[in-house]
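First, one chain by itself in structure tokens, the form predicted on its own.
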């Protein structure tokens, strides 16, 4: 809620006047990946669907793809994408700075000391080079498993670094280098492991005096929706550290669910995984329940849905909000109805009182008031209203 006093050009309150109040932006981060728009060919209809709901784009800075040959990073390609999003009013996040799974092959044979030096240089280069456009980063990704990652014939460079230096020292390296490169950036510790192992890591990191701006929690629900009770329990466990929570990677499938016996989601590789009418109806219902649960929790500041379209979706799953043919699924329409419908204040005419005041009820974010040819911006920044 905000109380706005409407005045004339001389600063005198305007009593009993009709004014128009309109929301311009959400403070809450409604995110999606921007991978489909990294190349120069950006599908116009897909872009329209993206910007009609989302305000935060996550771009892929996977090191193996970003710098497949040492010394030849694909900086310009990512910068053009970041500037394209920022120029259209979206916040931009980089994912991730340090991660073992997609470490470049050339890093693998280096001595650990040289691996560390290369990691430091990579962080400095990307964070400083994208400062002012990319305003938040997953500074380090999936540290719980990092030192024991064994999905390759031999440990990669990042795994060896984390194993030799230790998890907390590796986290410190990532955060301190990124912080020095851009002190204004929001830096996240991000993980898929929602067990007590992640809690122990967080406790160790904070006790070591490492400044973390937000905790990233992944929720790829290919094996079924968590449900409100489990979701709230997870949020409450991680909220006790007093840090903002970002649901950094969220998915719900619109087809058959992955069988529960798969511990590693990457092991499920069916020949095809189609979206179905029944699955799409389920996905739409679960999207609404999930987002309502997240926005109702006081510690959650952002949620990123991991994929706009089924085309190129992770694991080939029908997890997008838009079908591969470009048509929106019911889940897209449901989410849009929340973000730009129920949770949005359209142009609304209200009348000032005798003191020139109007009371505006809405979600945290940017607004404007228009009266007698003048437009003035304002923001609602207090406690979140009841939802």
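Positions refer to the first chain, counted from 1. As the structure is a prediction and not an experimental result, all values here were calculated from the model.
In what follows, reference is made to the form predicted in complex with a further copy of the same chain, a form of this protein that is not presented.
The contact residue chosen from 207, 229, 264, 76 relative to a further copy of the same chain in the predicted bound form is 207, the criterion being a non-hydrogen atom within 4.5 angstroms. Proximity to a further copy of the same chain in the predicted bound form, defined as a heavy atom within 4.5 Å, singles out one entry of 297, 289, 237, 124, which is 237. Of the candidate stretches 87-95, 167-175, 217-225, 307-315, only 167-175 has residues whose heavy atoms lie within 4.5 Å of a further copy of the same chain in the predicted bound form. In the predicted bound form, residue 197 approaches a further copy of the same chain with a heavy atom inside 4.5 Å. In the predicted bound form, residue 201 approaches a further copy of the same chain with a heavy atom inside 4.5 Å.
a further copy of the same chain is not shown here, and in the predicted bound form it never comes within 4.5 Å of any heavy atom of residue 80. Within this chain, residue 114 is remote from the site of a further copy of the same chain in the predicted bound form, having no heavy atom within 4.5 Å. Site residues 163, 193 and 241 are all in contact with a further copy of the same chain in the predicted bound form, judged by any heavy atom within 4.5 Å. Using a 4.5 Å cut-off on any heavy atom, none of the residues of 34-61 reaches a further copy of the same chain in the predicted bound form.
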